[in-house]
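The chain below stands alone and is given in structure tokens; this is the form predicted alone.
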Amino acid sequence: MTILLLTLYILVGAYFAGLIGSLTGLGGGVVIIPLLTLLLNVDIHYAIGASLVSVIATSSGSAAAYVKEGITNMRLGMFLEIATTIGAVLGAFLSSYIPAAYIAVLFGLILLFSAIMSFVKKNTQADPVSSKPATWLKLGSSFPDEGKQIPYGVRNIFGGFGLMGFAGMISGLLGIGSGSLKVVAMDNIMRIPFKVSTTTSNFMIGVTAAASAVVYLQRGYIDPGLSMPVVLGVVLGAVTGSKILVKANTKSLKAIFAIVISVIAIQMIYKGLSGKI
């Protein structure tokens, strides 16, 4: 296979990865890493490096729009980024010492978890009461909804902070945004409305990926020839997905997402356990 043909394959694959990632809200990393490792036989560490760069690019664009709309809780996001950044750097360091087969199995398990979480009922209620630590840190805020500002509080910040550290470590280890874990921390543990938790998670994903990407760059796992078509394809796919999402049926998207992700997850787990990755 020539370099030009390989680049074209990666570009097209990354486009569909970005499209699926945008429609499901999990980013293109959940598809681009299996694409590179399972179909193109790229070393999983280089695939993770390319994925991290694409996560930074896509998160930066979408996060800016949510911040402008006033939905993202930047104060909360910056507080939780302390945990995710520490976890991301730790995960990036661990990636060099954990065999690729184990990383593949863990990746598959996280994908299955993400598929299951897509069907779990989300917290849409806004409770304006915050816990004492959250009140002291002024983490509560409000978000626009149907022309009104809805106030909400923040609970159990220490439990959320701990899970964020774990989410950051998974992000650094696997090269994905770990959006599902971040949303679980904010939605179920900290009792933040789902609309705020998803946008704040998106705001944090880019910072988390940037922290771990530095480690991958230092170790030579970020290849410009691989990262360039991945980033370009994922960004174009994400833009297309954002336009489709406005008119798409959410329930149908969840079903399609669960099937696609489950198939990919099983393939990753099988390849990891059989030592073929």
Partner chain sequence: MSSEKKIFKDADVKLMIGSLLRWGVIVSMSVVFIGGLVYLYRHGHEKASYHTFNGEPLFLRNIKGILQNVAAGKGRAIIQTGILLLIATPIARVLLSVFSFLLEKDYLYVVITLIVLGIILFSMLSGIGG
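Bear in mind that the values here come from a model prediction, so they are computed numbers and not experimental data. Numbering follows the first chain given and starts at 1.
This protein has a second form, the form predicted in complex with the partner chain, left out of what is shown; the following refers to that one.
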{"item": "Sole residue of Ile98, Ile116, Leu137, Leu109 within 4.5 Å of the partner chain in the predicted bound form, by heavy atom", "value": "Leu137"}
{"item": "Contact check for Val53, Ile86 and Val235 against the partner chain in the predicted bound form, heavy atom at 4.5 Å", "value": "yes"}
{"item": "One stretch from 202-210, 163-171, 146-154, 188-196 that, in the predicted bound form, holds residues within 4.5 Å of the partner chain by heavy atom", "value": "202-210"}
{"item": "4.5 angstroms heavy atom contact with the partner chain in the predicted bound form for Ile82", "value": "yes"}
{"item": "Non-hydrogen atom contact Val215 with the partner chain in the predicted bound form at 4.5 angstroms", "value": "yes"}
{"item": "Touches the partner chain in the predicted bound form: Phe158 (any heavy atom, 4.5 Å)", "value": "no"}
{"item": "Contact label in the predicted bound form: Leu6 to the partner chain, heavy atom within 4.5 Å", "value": "yes"}
{"item": "Residues from 212-230 in contact with the partner chain (non-hydrogen atom within 4.5 Å) in the predicted bound form", "value": "Ala213, Val214, Val215, Leu217, Gln218, Arg219, Gly220, Tyr221, Ile222, Asp223, Pro224, Gly225, Leu226, Ser227, Met228"}
